[in-house]
Every structure is written in structure tokens, then in C-alpha cells.
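Okay, here we've got a single chain as C-alpha cells, the form predicted on its own, with questions on binding and movement later.
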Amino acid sequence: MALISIDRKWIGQEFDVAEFKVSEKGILAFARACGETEPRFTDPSHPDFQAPPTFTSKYVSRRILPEAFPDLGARGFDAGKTVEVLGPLRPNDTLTARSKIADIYEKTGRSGPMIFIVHRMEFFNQDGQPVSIVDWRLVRQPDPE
């Protein structure tokens, strides 16, 4: 499909920056929602209290795709997230998240061609240290002709 060769120009271009504040209350609520039981994620008095590993998966950027990104049709779905932990997240950390398209590829399924767009958010703490990378796979199916 010709869309791939056209759309690959979007790979690697940063298109959004957002800030998020990590709070003790947010860490505890996330841990509870995930069924986490490890004390370092559930007990603020623990000497190594921090957010659970998938904590940054809850954040979304202000834009899903870059401005002027090609319209690939209205049909689509979330194909999952992966989280790479690079460092701990602690209460009162301020995170800066930078969004870009990490990859675009095509697969053919039972319902026809599908375009996979990997939206990557790279998170840095207030000291500029990388702490997490979240890749979100968004699937778009071109509208039937």
C-alpha cells in the first residue's frame, strides 16, 4: 500500500510536549486500581516508595497524531501499550513527556489492510533524566471504497 512510503516521513518528528505532576495520591490510586500489593508501590512510608512500573501508561498527550497527519479513515482501535521503565517515579516529580511517531507499518487482517501507528511518549523527570518510554499502538483501517 502506498500509504507507508508517504507516511514514514512522520517517524521521529516530535509533535507534542506535555507536563505531568506525580502525586502520592495518584500513585496510591493507580496501585490500588492495578491490584498492586508490593509495599514499595502501596505504602508511602516505605523507604523506596515509588510509582508502579506501568504508571506512565495512564498519561496521554494533548495530540494523538501530528497536525496535518494524513486521514487514514475513521475506523480504528487501540492495539495496546508497552512501557519501558528507565528510572523510578516519586511523589512530587514533574514529568515532561515528548511525543513522536516511532513507527508506521501495515498488516493485513481478516477485515483487510490495517495501518499500525506507534505513538511514543518519552518521559523525563525534573532533572532531565529519562524515566519511562510508553509506546501505544493505534490501528487505523482505511474506509471501504
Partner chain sequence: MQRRFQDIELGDELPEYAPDISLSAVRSFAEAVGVGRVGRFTDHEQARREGLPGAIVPGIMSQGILAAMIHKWAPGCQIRKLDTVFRAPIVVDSQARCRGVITETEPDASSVDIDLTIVNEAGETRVLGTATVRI
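Positions refer to the first chain, counted from 1. Just so you know, these numbers come straight off a predicted model, no measurement behind them.
FYI, the form predicted in complex with its partner chain isn't displayed, but the following is about it.
In the predicted bound form, its partner chain stays beyond 4.5 Å of every heavy atom belonging to F69. None of the heavy atoms of G109 is located within 4.5 Å of its partner chain in the predicted bound form. When contacts are judged by a 4.5 Å heavy atom cut-off, S57 counts as touching its partner chain in the predicted bound form. Interface membership of T37, defined by any non-hydrogen atom within 4.5 Å of its partner chain in the predicted bound form, is confirmed. Shown here without its partner, the chain carries A29, A33 and T82, all of which come within 4.5 Å of its partner chain in the predicted bound form through at least one heavy atom.
Residues of 122-141 placing a heavy atom within 4.5 Å of its partner chain in the predicted bound form: R137 alone.
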